[in-house]
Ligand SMILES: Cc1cc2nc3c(=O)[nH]c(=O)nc-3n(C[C@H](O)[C@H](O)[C@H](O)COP(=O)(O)OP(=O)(O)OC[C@H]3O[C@@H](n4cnc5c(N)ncnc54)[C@H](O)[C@@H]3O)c2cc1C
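Single chain ahead, written as structure tokens, the form predicted alone.
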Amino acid sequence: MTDVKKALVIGGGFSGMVAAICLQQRGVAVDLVEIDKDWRTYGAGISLHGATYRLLGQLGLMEAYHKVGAACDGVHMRGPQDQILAQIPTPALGPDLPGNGAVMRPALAKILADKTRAEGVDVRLGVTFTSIDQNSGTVAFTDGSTGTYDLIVGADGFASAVRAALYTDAPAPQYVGQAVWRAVVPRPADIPTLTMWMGPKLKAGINHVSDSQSYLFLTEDKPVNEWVSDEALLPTLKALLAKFPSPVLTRLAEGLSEDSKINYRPLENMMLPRPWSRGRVVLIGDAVHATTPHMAAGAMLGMEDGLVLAEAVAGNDSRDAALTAFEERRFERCRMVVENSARLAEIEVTGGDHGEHVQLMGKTQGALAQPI
């Protein structure tokens, strides 16, 4: 029987919520603290594929997902006039599970937040830590309280405060020479599945997030890591889409407005070398392996981390053995996604071999379909 009786999860994003749910289900008393008092999730859509649906199925959340998200199968690569150039299969990983799809980020977050509370996790909003003793497990919080935990999970994202506090030797995030644009658009009737267009220094795509809406994304090669002002978002995205002759993208660009939830993010990645744990503290999700969205696998990897961590805790007598087992199951899988996604970005930026791009996407998808 595990010696982990009480755990703290710092961060209420996708990876933190799944860790809290799965630990609580396995008999560990979990506190979750989230710095945002409103527990908000920002962004437009999020693309999901078979491995994510496999995890949601394990959590019993597919029925809730189908009420708010969209599902499809396969990926279409289209040419300038919307002709299909290639079709990449996305096999389902279980009965009644889709091969891929998408959902609005806030909708997926609400499903997980409802499940987190239903499992009995003690959720404290507007609270984070001020200090952590990785050896004793004592944590001081911003509300003046303290607590002592057998396990502390740093799930506080790409700009992790836990990583900054305890892993001062962590590598700095690396800009990959691209930025991504995202927006919400009306669902095109003539696009049946996840679809992408390759252009000069640009890649655009559409994935459906509901019966009526789709998620538009555009990856732009950009040698300098720079921000874009709010007032420039709409005209800049329209100008970028105008570089594609695709009738579908032209139609969608014309319909963009200030209500399209446009956002922009320079793409960076980071892979923390092992070990991922120090004392009683372990990092998961973007705090330890932040990837670019080329494989639509960043959120999935973080959620898998939460499940695998809970399984390791339940299957080992000691915390130390559990954390070693967790890393053994996760490191290579996460490294593969971070590095392969970086290579896809490199091929796009340098105008590399399109065949290698398609092959690497398929190879990575196949690896992600394997059991975790």
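Keep in mind it's a predicted model, so treat the numbers as computed, not measured. Just count from 1 along the sequence shown to find any residue number.
Same protein, other form: the form predicted together with the named molecule, not shown, and the subject of what follows.
Chemist: Work out which of the listed stretches, 120-128, 254-262, 238-246, 169-177, brings a heavy atom within 4.5 angstroms of the named molecule in the predicted bound form.
Modeler: Comparing against the named molecule in the predicted bound form, the contact stretch is 120-128.
Chemist: Evaluate Ile21 for contact with the named molecule in the predicted bound form, applying a 4.5 angstroms cut-off between non-hydrogen atoms, and reply yes or no.
Modeler: Although the named molecule is absent here, Ile21 would stay clear of it in the predicted bound form, with no heavy atoms inside 4.5 Å.
Chemist: Using the partner position in the predicted bound form, report whether Met336 sits within 4.5 Å of the named molecule, counting heavy atoms only.
Modeler: Residue-level check for Met336: no, no contact with the named molecule.
Chemist: Even though the partner isn't displayed, in the predicted bound form is Leu112 close enough to the named molecule, meaning a heavy atom within 4.5 Å?
Modeler: Looking in the predicted bound form, residue contacts with the named molecule do not include Leu112, since no heavy atom lies within 4.5 Å.
Chemist: Look up in the predicted bound form whether Ala342 has a non-hydrogen atom within 4.5 angstroms of the named molecule, and give yes or no.
Modeler: Judged by the heavy-atom cut-off of 4.5 Å, Ala342 is well away from the named molecule in the predicted bound form.
Chemist: Using a 4.5 Å heavy atom cut-off, are Thr2, Val30 and Val313 all in contact with the named molecule in the predicted bound form?
Modeler: The answer is no; none of Thr2, Val30 and Val313 reaches the named molecule.
Chemist: Find the only residue in His208, Arg163, Arg105, Lys203 having a heavy atom within 4.5 Å of the named molecule in the predicted bound form.
Modeler: Exactly one residue meets the criterion: Arg105.
Chemist: Just one of Val281, Val139, Ala183, Ala296 has a heavy atom within 4.5 angstroms of the named molecule in the predicted bound form, so which one?
Modeler: Here the answer is residue option Ala296.
Chemist: Which residues from 136-156 come close to the named molecule in the predicted bound form, meaning a heavy atom within 4.5 Å?
Modeler: Residues within 4.5 Å: Ala155, Asp156.
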